[in-house]
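As a starting point, one isolated chain is supplied in structure tokens, in the form predicted alone.
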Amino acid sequence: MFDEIKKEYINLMNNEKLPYIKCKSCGNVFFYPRDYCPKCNSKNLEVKVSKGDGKVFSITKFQGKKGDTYYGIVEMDEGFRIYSNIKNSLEIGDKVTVEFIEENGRKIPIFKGLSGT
């Protein structure tokens, strides 16, 4: 089951769609691919596709030689949270949307402010 979920995740990411998992037993939603629900341990899961919109739950700025980079937790409209790259400096509670960048031959999500920042 886990191999199927992981394969579907990779395919969706490569097609610039943000996947998440919904437990058919308890309704829990989560991002990181697993073969069981972390809330009820059920293996009755389905992979869904997020609309890609959410809000900044937390954000951290890292200063480096190439400039500042931002990482944070984004709370998605579907109810799950994702730790991800954030394009620019934003505030907690700012609305964001996902886009994808290619890094080392694979697509990864990055969030930007809905106001275009």
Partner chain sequence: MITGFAGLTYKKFEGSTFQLLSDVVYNAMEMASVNSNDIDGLFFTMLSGTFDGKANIHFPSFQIPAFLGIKPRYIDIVDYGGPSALTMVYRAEKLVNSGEIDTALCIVGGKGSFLRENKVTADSVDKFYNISLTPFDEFFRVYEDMNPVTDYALVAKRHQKLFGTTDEQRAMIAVNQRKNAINNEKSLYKSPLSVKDVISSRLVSDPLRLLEIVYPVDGFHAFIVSKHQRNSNLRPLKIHFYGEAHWAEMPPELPDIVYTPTIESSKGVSLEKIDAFELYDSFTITVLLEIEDIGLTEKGKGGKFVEEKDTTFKGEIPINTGGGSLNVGQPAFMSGGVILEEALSQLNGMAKGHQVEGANRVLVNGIGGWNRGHAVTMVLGE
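Just so we're on the same page, rigid core means the largest C-alpha set that superposes within 1.5 Å between forms. Numbering follows the first chain given and starts at 1. Please read all numbers here as calculations on a predicted model, not as lab measurements.
What follows is about the form predicted in complex with its partner chain, which we do not show.
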| item | value |
| --- | --- |
| Exercise: Lys24 in contact with its partner chain in the model of the complex, heavy atom 4.5 Å | no |
| Contact label in the model of the complex: Ile82 to its partner chain, heavy atom within 4.5 Å | yes |
| Residue contact check: Arg106 to its partner chain in the model of the complex, 4.5 Å heavy atom | yes |
| 4.5 Å heavy atom contact, Tyr9 to its partner chain in the model of the complex | yes |
| In the model of the complex, the residue from Lys61, Lys87, Lys43, Lys51 that sits within 4.5 Å of its partner chain by heavy atoms | Lys61 |
| Residues in 20-35 close to its partner chain in the model of the complex, defined by a heavy atom within 4.5 Å, in order | Phe30, Phe31, Tyr32, Pro33, Arg34 |
| Threshold 2 Å Cα movement between this form and the one not shown for Gly64, core superposed | yes |
